[in-house]
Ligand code: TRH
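Here you get one chain, nothing else, as structure tokens; it is the form predicted alone.
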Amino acid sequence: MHVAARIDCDLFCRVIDNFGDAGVCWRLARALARDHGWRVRLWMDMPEALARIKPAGLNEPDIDLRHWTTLPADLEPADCVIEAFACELPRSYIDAMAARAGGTRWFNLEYLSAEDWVEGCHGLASRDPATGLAKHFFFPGFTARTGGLLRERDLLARRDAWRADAALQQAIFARLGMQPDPAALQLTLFSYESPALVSLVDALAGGDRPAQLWVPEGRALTALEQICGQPLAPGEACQRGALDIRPLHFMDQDDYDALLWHADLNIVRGEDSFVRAQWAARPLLWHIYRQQDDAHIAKLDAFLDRLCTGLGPGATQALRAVHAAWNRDLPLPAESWHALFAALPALRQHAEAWAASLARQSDLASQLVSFNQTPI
């Protein structure tokens, strides 16, 4: 593979949503290093978050993880500087960027949104009043007029190879301590707490088909302990009717990708697992990060508007009904869940087409690299 001239990058991240922010920044750093030959210094105020999602170690020679508390006074800024999710850079570092010979490209990586206004704001610049430096706002998104979605070059090929190879699947299952029942509906749950969890458990427990719910350690598993009335630990199980709840250890990001590839329905949260669930090309239920004044609902509706284009009315209604109730803390009758489960074949076919359409767009890291190469 031809690799362009190596360019240094400082990527700054303050962890707010714990694993989501850390996951996005780590995946971006890895894509820049592996796919584009960049050397990346990843500055993170909670590097311990990466220890949970990369438990075997980082093992990336071109990524230098730094603990972001204070920056060395003599730190030389990189050619490209990315501040993730509007984290504020120290004034001393901005001044050093302005004084750097050859200039520095400065990006603010924004949160993902499917809203229409993102297209008009993507790539716009704001001038630092003290130095005149231009900071460009880079918006991930779902259309050609946005920055695209984070995706490694080989991701979809790895996904398809895994699905076609039973030995690869068994290796992941063994590492995660999983024994999937091929006759059972397969679901994953990595969400925030929600009153809708009770109705999900009840609907699956009372269903005509056996179901396995795979739940990595975290907030959703803690909530399930309250519902089941017992501690739930990896390697143990809770049986309720037709439902088999299976807790899992918190896992490496790449293993989590495979878990998403395996499932019939993925319940995900935030941004990182949300994007990875779309590349899994399987039906998903998105528990969006809650914002003040219900601003998150507009983002959810904008995404569903795009996702449901071309989807049949019955499947659309089922998908929207569960999303609306889950994200508004509204009652979810069993009928709504059963309608969603009945729609899974149509949703699966649609999810495959959706992922393929997104893959025709340039990925986020490639667009950042291309933008960075344009003249200042």
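So that there is no doubt, residue numbering starts at 1 and follows the sequence shown. As the structure is a computational prediction, the values presented were derived from the model and not from experiment.
The same protein has a further form, the form predicted together with the ligand, not shown here; the description that follows concerns it.
- For the candidate set 78, 251, 243, 221, a heavy atom within 4.5 Å of the ligand in the predicted complex is found for exactly one residue, namely 251.
- Proximity to the ligand in the predicted complex, defined as a heavy atom within 4.5 Å, holds among 173, 289, 137, 162 only for 289.
- Between 264 to 272, 228 to 236, 121 to 129, 138 to 146, the stretch whose residues reach within 4.5 angstroms of the ligand in the predicted complex through a non-hydrogen atom is 264 to 272.
- Within 4.5 Å of any heavy atom of the ligand in the predicted complex lies no heavy atom of residue 36.
- The closest heavy atom approach of residue 350 to the ligand in the predicted complex falls outside 4.5 Å.
- Remark: residue 107 does not count among the residues lining the ligand in the predicted complex, judged by a heavy atom distance of 4.5 Å or less.
- In the predicted complex, none of the heavy atoms of residue 30 sits within 4.5 Å of a heavy atom of the ligand.
- Taking the ligand as it sits in the predicted complex, the stretch 198 to 216 comes within 4.5 angstroms of it through a non-hydrogen atom at just one residue, 216.
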